[in-house]
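One chain comes next, on its own, written as structure tokens: the form predicted alone.
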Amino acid sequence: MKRTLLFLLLVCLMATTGFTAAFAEAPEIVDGRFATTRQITVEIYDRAREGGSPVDNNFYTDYIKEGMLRDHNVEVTFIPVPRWTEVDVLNNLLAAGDAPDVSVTYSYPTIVTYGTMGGVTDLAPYLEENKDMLTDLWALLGDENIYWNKQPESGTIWALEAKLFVNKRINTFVREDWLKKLDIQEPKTLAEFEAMLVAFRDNAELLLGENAGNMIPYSTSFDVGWRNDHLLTSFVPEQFSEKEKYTHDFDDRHLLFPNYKEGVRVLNNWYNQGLIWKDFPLYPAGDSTEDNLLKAGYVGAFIHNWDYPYRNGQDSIHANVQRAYGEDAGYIAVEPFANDEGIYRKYLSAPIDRKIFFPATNDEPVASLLYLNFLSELENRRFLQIGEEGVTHEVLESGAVRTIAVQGEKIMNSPNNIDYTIVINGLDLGDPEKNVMSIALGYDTVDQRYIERAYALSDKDARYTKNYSVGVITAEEGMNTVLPNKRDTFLTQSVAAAADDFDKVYDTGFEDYLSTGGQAIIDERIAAFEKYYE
């Protein structure tokens, strides 16, 4: 009873003197450890990986749970969220007041939508009051990522930006053995790339024999903007101002960049020539049909994540193709799409990744920040990224780390366990030189030259996004799923349209995108940019 009365007295004192809740928790923490056990829930992506372990209960979640209980007296419960529909699911959880205490998303507009309604915790006071206990978090993310989303006038911080440590994006891949078989030079221009696709189509029997009918010169997916980015942005003029880029870059597929339509026109032309997988519009996110076609060796070229064909060890696309067609078979990264000044420009983000936030229902913000600090400690994230020596990796004489593919309880459900290391995306062993060597070695079924080439080309001639802190763009609220869905739909329809219908289909879809909210966002961004930066 006395303890309860003292606690109520303390709460009243805090309320009258303006102390933050963060400060109130400090006396209950000794050497970073709570005097009484706290409980938090943490979102974890579920990729539904075949042969994977339960994402909320496995070897790595046990490591985190045991470490948090030992170091901070905090019990952790993981809440699975499907990776490919995470925005929709998270919206539902937030609306119901059931979102995990530590939530993560790639969609900042989702956070803004609920933040403006009071549904997201302002992290600013908690970060400042507890900074001395968050040294690893601060050292990893730095002021740039911690303050990236800070509102310029209120000082509110609704989300931290995870560190994109290996700032890569996508690559263009072609079947190297098919180039050699047809005596074709590696394509360096759009015209050469298209001629290569035609050669694949016209030599299907030579390349695939009895499977010639399955020939797919070029493959893509419903996510046209992501899966064709190098081609599409090659039509963007090099002289593209920072103001124009910021005001038109809220769509991360670069849809609103100038001359983008002409890149989509090329895809439409290819589709009507029979150069693109004709069934690509039929398969939604998470479907494995395209991957199976790639593994079967039916696809000549595609654009995807920078290391996509080399992922997943013995079950990688590259490994499957080599088993089926010989050691000389496989996909190699190429660079065929130059812009109007002959530069192979890539548009890459700043070193930010997923957005980590705490819903307003989180009543343990300090414990949640200590969770992020735990993940930021080099020893902890190193273990989560590479696992146990001799089991999931070996250390070479050079100090580089070679991963070992495993099955069973110690399998990693995502590359380098990025779904657990939510504060960082990309291998970091604490030594830049060892990082690069280890990344190249991290694909145990792939010759190192393929990885080194893909690694180098992915960010060659990159233009990185700059941060412009202009506060909340209210026109973006509620648009985080509406606009991307409209974009994906009309781009897919545009690619698959009859050649004579292309302009009508594209223009109608684009105008619908703008009238639904896209133009309002552009206008508000222009006004905000001019207010703070002109």
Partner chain sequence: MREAKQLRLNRTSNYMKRYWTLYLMLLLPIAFIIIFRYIPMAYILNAFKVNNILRPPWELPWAGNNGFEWFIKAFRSRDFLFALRNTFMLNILDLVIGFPAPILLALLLNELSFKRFKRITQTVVYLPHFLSWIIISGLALRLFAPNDGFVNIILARMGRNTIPFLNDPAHWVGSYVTLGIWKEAGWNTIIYLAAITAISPELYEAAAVDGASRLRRIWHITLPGLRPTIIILLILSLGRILGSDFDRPFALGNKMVRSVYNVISIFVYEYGIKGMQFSLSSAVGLFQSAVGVVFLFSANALAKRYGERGVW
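Residue numbers count along the first chain shown, from 1. Please read these numbers as outputs of a predicted model, since none were measured by experiment.
Same protein, other form: the form predicted together with the partner chain, not shown, and the subject of what follows.
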In the predicted complex, the one of P237, G155, G430, G118 near the partner chain [non-hydrogen atom within 4.5 angstroms]
G118
Residue among A496, I40, V55, M68 with a heavy atom within 4.5 Å of the partner chain in the predicted complex:
A496
Can any non-hydrogen atom of I343 be found within 4.5 angstroms of the partner chain in the predicted complex?
no
How about I44: is it within 4.5 Å of the partner chain in the predicted complex, going by heavy atoms?
no
How about N92 - does it come within 4.5 Å of the partner chain in the predicted complex, if we only consider non-hydrogen atoms?
yes
Please check if D512 has a heavy atom lying within 4.5 Å of any heavy atom of the partner chain in the predicted complex.
yes
Any idea which of 375-383, 438-446, 83-91, 123-131 reaches within 4.5 Å of the partner chain in the predicted complex, heavy atoms considered?
83-91
Where, within 478-502, is there a heavy atom within 4.5 Å of the partner chain in the predicted complex? Residue list please.
G478, M479, N480, T481, V482, N485, K486, D488, T489, T492, Q493, A496
